[in-house]
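A single chain, nothing else alongside it, follows as structure tokens in the form predicted on its own.
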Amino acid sequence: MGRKYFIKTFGCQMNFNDSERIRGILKTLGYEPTDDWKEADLILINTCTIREKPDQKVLSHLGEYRKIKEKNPKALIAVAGCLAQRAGWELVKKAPVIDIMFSSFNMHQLPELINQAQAGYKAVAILDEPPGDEDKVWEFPTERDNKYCAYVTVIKGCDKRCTYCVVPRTRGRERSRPLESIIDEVKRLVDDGVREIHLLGQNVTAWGKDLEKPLPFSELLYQVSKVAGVERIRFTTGHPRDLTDDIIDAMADIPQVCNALHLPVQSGSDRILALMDRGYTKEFYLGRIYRLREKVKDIALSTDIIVGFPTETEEDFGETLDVVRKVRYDQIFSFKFSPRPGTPAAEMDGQVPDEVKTERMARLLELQKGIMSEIARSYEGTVQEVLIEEAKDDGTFVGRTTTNRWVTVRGGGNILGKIVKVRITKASPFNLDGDLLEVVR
């Protein structure tokens, strides 16, 4: 019987894509996946450290997973990702049960680290900066749960210096993946049945600036769209300063690019944006939104908002609510400010009391709830193109619109992996119901 692994992933799409790559590495080593960590020979936690809560969850899970050593003394426990990069040996001291630790810089070293741990060493490989052979990681396949949609990492790291963020420290400077490497992976994915490509980066719209021969991100969109079989393209996450006119024009011009975009605003207050070192104003951000709305038909927008950044006043928060009213986001990912060790914002005076953050968060969510309900109702009676991603036991299918809305579809034979036209009969903020009209392709 082969060795088994169990992976627990926290955090963003980048982390989930990293876990898919780690699964591919483990497959090449002869490991098989299991959904039960108690059966595993290797337990791996891929961590996030954007906020404090995931830190505590990781420690809690490690406390639980250590029990596996009683049943299987040779079992290995590994920690990867951003918390591993930030905390390093400090985390190993808190949780000595850890056998292996590495970050997103050196996932490709996992086979060697497993060998070290099996030999009885603490295989901790936390580097100050990405190694020269970091691109070796692209030589490994990804193991995906979704057959029809795939993440493709195109840039790692971030050169921005937002005062609340640990990403530059945990993910390093911006490193664009070469165009040829990206296109090769897209072709392999399409050959494997993938129809939707989701380009990923901490600051995806900055791709290409640091290449030997610099290229704009818009060129990457055009090149991916030329790969036969690519039906849809999405990308996450861009920075408002890097969302240039040529990118917006490419979104409008390329049929495969979905009319949906995640564009973090973080705050609507110019004063708070300056303290965050975001590098734009409310007026600049709204200008980008207005151009998107003008160019990209029926675009759906989502965003990130931090509530209770140090010194945030009621007036500052009111500016954020004003942005929400003006933009009318399809979805908001909102977070109470969480001071991260080593960031300038953690040391700022004027930390906002938690009860104030909680009250403001409630008001933001109430406003967004009404907007989401109104947007959802506007779908009723419309015809949407849906990529079917899953078949349910009750005979229905689940897929997504180009605007990233989940749809439960009734009718039809086996339409898995097909793009179909659906008439929306019922809409709620988080799901649409519809009847199958026809298979498009």
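Start at 1 with the first residue shown and count on from there. The shown structure was predicted, so the numbers you read here are calculated from the model rather than taken from an experiment.
There is another form of the same protein, the form predicted together with a small molecule; it is not shown, and what comes next is about it.
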I have 257, 384 and 418 flagged as a candidate spot, so tell me whether each of them has a non-hydrogen atom within 4.5 Å of the small molecule in the predicted bound form. no
Indicate whether residue 180 is a 4.5 Å heavy atom neighbour of the small molecule in the predicted bound form. no
If you check in the predicted bound form, is residue 51 within 4.5 Å of the small molecule, heavy atoms only? yes
With the cut-off set at 4.5 Å between non-hydrogen atoms, does residue 266 touch the small molecule in the predicted bound form? yes
Could you confirm whether residue 148 comes within 4.5 Å of the small molecule in the predicted bound form, counting heavy atoms only? no
Using a 4.5 Å heavy atom cut-off, which of 157-165, 289-297, 137-145, 249-257 contacts the small molecule in the predicted bound form? 157-165
116, 244, 302, 237: which sits within 4.5 Å of the small molecule in the predicted bound form by any heavy atom? 237
Can you pick the one in 109, 320, 153, 202 that has a heavy atom within 4.5 Å of the small molecule in the predicted bound form? 202
